[in-house]
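Both blocks below hold the same protein chain, though in two forms, and each is given as structure tokens: structure 1 and structure 2.
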Structure 1
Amino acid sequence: MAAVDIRNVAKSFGALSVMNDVNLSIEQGEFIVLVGPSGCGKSTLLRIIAGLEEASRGDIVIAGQRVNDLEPRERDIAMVFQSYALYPHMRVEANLDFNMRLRKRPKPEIEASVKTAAGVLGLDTLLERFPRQLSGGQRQRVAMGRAIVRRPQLFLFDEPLSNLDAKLRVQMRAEIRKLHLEIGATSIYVTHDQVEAMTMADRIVVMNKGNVEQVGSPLELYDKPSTLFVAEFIGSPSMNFYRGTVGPDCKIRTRAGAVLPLSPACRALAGQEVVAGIRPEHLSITDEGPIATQVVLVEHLGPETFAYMEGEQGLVCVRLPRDASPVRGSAVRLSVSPQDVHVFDSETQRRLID
């Protein structure tokens, strides 16, 4: 277990820069999730931490030691790969204890560790099999087992669940989380799935185009996205956005004429071009709401219902109670309370008020 410090790490291939000065402090025992769309640099960052790729600039510090010049094998890390990368010519047991055999640990110690890990992951009956004889879920467990057998300072996960089907993914998500609570080892987890990020992370790092957009706990990101990108990326269905100008009366006038209320703190913003964001659950159907729409689609999910409405600024998603059943094609007005409107600068895309 160790704290990890990422200091001014940047990566470029020739003139093409894929990551710009990333700074991140990870505490001992923390579960950090790096999330972002593909190509945002999250995997590159993870691979730099692992030592599989070199940073063009900056330092990686693990447990107080600068590890830039260490080979991956010298960093005392374990990594779970998206494709699992099990060794096809070795039985499950040999896959699990490969690291300990390489380090020439005494036999009883190896056996004990394998036994513990196999027990934790329910692999006891599979030890004699070859990877090709396992199902996808079992392979995933072996990949996890290979990481925990050796008790490394740091766990790295590179989209470990994306090759599983939806049901198994939800189950393994909980299991990895539980495992982390038991072992308590520092973990860095890369995913493109914001639900995975929200459910697993102590803290989430949202990345976009090689930059860190925001770092924070899942609820911090949800409640106070610091950029337009984070606001759009976190939450499903996504936030609804309106472009408009802040008037002196603390209201936003959208181009199509709707008038959205803002909290009094926005008085300073008068005259500014902004983007207003409203989550589906903060919109409600009222007779004199400022947003005029027409119902196009209703999705009943069981616990809740989402309705999609065509408004002046495109499609709007509204969360409704489970029994709500607006008629398709009917005209509906939506309203929102001032404290639920997120305001972003349309130029810099940054959050304007807290």
Structure 2
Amino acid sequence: MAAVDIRNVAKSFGALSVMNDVNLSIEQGEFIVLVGPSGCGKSTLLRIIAGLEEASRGDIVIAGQRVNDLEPRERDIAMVFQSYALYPHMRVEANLDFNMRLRKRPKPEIEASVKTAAGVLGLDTLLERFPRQLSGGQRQRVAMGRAIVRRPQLFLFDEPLSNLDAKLRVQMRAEIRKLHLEIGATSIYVTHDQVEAMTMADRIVVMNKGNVEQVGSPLELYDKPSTLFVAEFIGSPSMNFYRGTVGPDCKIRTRAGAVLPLSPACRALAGQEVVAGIRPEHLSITDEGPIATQVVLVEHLGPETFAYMEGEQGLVCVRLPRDASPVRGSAVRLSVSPQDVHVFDSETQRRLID
């Protein structure tokens, strides 16, 4: 296990800046997920940690040692890529022990490490197969096993589940998390899928346009997003947004004419232009709700129902009980409790109240 410190790390390709002064401290044994849209800098940061890219400025410190000038093989890390990168002419066992044989480790040590990794990942009965004889999930387990066999101080995962189908991704998410808990190594995991981030991370690092927007536990980011971007990115379906002005009565009057209640803490914001955010589960259908909408789509997902409604400020999503079934085309009114309204500055897009 190793702690990792990322200090003022930036990356530019000529005049194009793709990452701006990133600072992050990762504790020993922590599972950190870097998440964000394509092009936000998350994979670039991972490659800099691995030594596959050189930082334009800043330092990478692993286990107290500055590693900027070390080659990837000298950093004692293991990386699992989106592509499995297995040797097709080698059997599973040979793929697992290849790096240790390359480093000329003693045969008993190699055999013990392979046995341990195969047992943890359920590969015991697959050691004599070639990669072409394995399913996608089995190949990904072999790729992870090859990393485990090395017993590195740091694991790096670069969107390892992107090539798998939906059912297998759910299974592999659980397996990777279980593996992390069993071996206790520090892990940094990159994904664009916020569901993966929410279900796997000890802490999530949300990145956008080369900057770190927020760092926190999954529930911290969900309950108190610090920026409008995090509020929109974290959560599925996304948060609903309304633009308006805060009145002296602690209510937001939206441009569409709706009046949303706020907590008394918002009294100091009177006269300010804001963006109000409301999670789908915090909206409810009531006879005299302040938000007028019309039902355009109803999705029944088994344990719950999502209703999409068109209002004057665009599409609104409401999470309802499984048996709810508002009629498509019907007019409904929505309400929300004051404590469930998130308030952001319309210019800076930063959170205004806790």
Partner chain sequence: MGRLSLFQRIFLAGTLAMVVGPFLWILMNSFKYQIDIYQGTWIFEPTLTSYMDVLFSRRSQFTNNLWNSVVVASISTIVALTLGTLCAYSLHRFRWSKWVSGGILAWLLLFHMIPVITLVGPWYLIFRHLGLYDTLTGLVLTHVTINLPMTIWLMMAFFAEVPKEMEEAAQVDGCTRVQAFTLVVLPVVVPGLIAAGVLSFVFSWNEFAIALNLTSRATATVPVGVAKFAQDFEIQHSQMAAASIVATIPAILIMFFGQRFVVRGLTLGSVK
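All residue numbers here follow the sequence of structure 1, with the first residue given the number 1. Just so we're clear, the structure is a prediction, and the values are computed from it rather than from any experiment. So that the term is clear: the rigid core is the largest set of C-alpha atoms that superpose within 1.5 Å between two forms.
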When you get a sec, tell me if the form predicted alone is 1 or 2. 2
Once the two forms are fit on the core, has residue 74 moved its CA by at least 2 Å between structure 1 and structure 2? no
Please state whether residue 131 has a C-alpha shift of 2 Å or more between structure 1 and structure 2, with the rigid core used for the fit. yes
